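This document starts with two versions of one protein chain, written out as structure tokens and named structure 1 and structure 2.
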Structure 1
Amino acid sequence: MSAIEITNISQAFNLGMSNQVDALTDINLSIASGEFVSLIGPSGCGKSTLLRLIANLLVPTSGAIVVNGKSAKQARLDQDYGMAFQQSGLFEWRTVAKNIELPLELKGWDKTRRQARATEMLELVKLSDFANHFPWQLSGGMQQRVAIARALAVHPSLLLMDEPFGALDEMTREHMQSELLSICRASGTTVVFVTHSIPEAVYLSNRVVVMSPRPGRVAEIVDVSIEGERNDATRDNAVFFQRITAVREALRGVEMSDHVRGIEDR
């Protein structure tokens, strides 16, 4: 069963105006339930735009998106997904624990159950000692860890993540990557993950979608296919490095094609 079906999606901003920007063109992508798919490509290629279209935070210029068998809009209204952005988006007047509890409140969880889940998620992101702090009392990396905990709190069937680990130090980043995979394995969560890091994309993903420069399109899909459970040993695996090379070469290919098109357009 497909969790996400993207059909002939194109996205233009300022449509019909002199400053029109064609962000995406003719995107077709099917993501299976329980699959982890990363989007990678040059800056400005539309990775984040595509993620926002799936979340129904933007409406496509053309094409259709189906999420969990329903329209993207209905999936948003039904709260079918969690989302973590590049910026934490925490509410400054709520404590760390209360920020994590927010989606649980919206789902009608009782106070005891909310507090227990918030405690569990704070342990996961190694912030148990900061439950009663406010976001402005935390570093940027700590704020992002709270945002990730909030997105994971309801164990959503779909998780949309836009470079959520970018502000973390390397050790914490690797820990969060492994914990994210552990949660997804246990819950069967489908993940669409935007990143600029090739090793991160390969470590996390079943497939890596390589996008072309703007207007973004699906240039290549790299099947990661690393056998066994991902762990620290995976990062030393020969197949891991082979897949990193495959993604890097695909990115070089789209950059070279863009350079050639630029020369031809002169």
Structure 2
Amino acid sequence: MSAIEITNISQAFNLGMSNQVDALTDINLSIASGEFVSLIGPSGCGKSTLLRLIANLLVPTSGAIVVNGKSAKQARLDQDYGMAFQQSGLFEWRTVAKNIELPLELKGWDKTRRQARATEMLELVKLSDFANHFPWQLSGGMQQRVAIARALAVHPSLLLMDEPFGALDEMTREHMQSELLSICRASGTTVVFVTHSIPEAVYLSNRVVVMSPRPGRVAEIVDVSIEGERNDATRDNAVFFQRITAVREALRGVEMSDHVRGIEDR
């Protein structure tokens, strides 16, 4: 079964007004259960918009989105997905553990069950010692890990991430990438991941969706298919570099039609 089925999605902001923006046109995308898909493309090509449409934080101007076999809205009401953004978005008045418990509270879980799950998630992101710290007492990378733990707390089948590692330094970033992969591999979570980094997209994904701007369209889908488990050795793999080149070429194609900005080549 496919986790996400996107058919003929178009999204226009300020429809019919002089400042109308056609953020997305005619997007078709099918994401299989357990698949890791990255969205990459120049700034303003509608990556975040597409993610917010899947999350039902926006309703598309036209087209249909099916998540886990139901409408995007029903999937949101059922808390089928977890979300993480570039800014960790932790609540500063809650401890780390309480931040992770937030989605569970809203699901109406009782206290013991919540605490057990929070403990489990903290172990997963290796922050057990910081359960009772407040977010502002943690480093940026640690905050991001808490945000990911929060997104995973309900054990969602789907994870939506918008440049979650964008604010991290290179070392922490690579470390987090490996952790994310192992977490998702262990739980079979489907991931839609927005990034500006080509190596990051290639390292993490089964498929990389290259988007073009104005109006946002799917320009090309690069199948990564690197054999075996991904680990630090993957980063030196010849196939890895081939795929990076493939994505870069695809982005160049996009560049021909429009000026590309904001793609990191690291």
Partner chain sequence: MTTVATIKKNRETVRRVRRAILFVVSLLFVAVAWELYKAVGPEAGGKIFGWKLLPRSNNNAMPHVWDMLMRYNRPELRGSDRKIWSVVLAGAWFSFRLALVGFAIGSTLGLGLSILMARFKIAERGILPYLVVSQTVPLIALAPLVVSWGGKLHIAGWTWPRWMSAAVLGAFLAFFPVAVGALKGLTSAPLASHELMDSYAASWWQTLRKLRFPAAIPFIVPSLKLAASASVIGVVVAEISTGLKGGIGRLIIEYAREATGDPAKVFTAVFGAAALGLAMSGLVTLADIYMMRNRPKEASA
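Predicted, not measured: the structure shown is a model, and the values here were computed from it. Residue numbering: sequential along structure 1, first residue numbered 1. Think of the rigid core as the biggest set of C-alphas that the two forms share within 1.5 Å after superposition.
J.: Mark the structure, either 1 or 2, that is the form predicted alone.
T.: Answer to the question: structure 1 is the form predicted alone, whereas structure 2 comes from elsewhere.
J.: Between structures 1 and 2, is I4 on the same rigid part as L77?
T.: Both residues go with the same rigid part.
J.: Report the rigid-body rotation angle of the smaller part versus the larger between structures 1 and 2, as an integer number of degrees.
T.: Spelled out, the smaller domain pivots 14 degrees relative to the larger domain.
J.: Core overlaid, S128 C-alpha shift between structures 1 and 2, how many Å?
T.: For S128, the C-alpha ends up 4.2 Å from its position in the other form.
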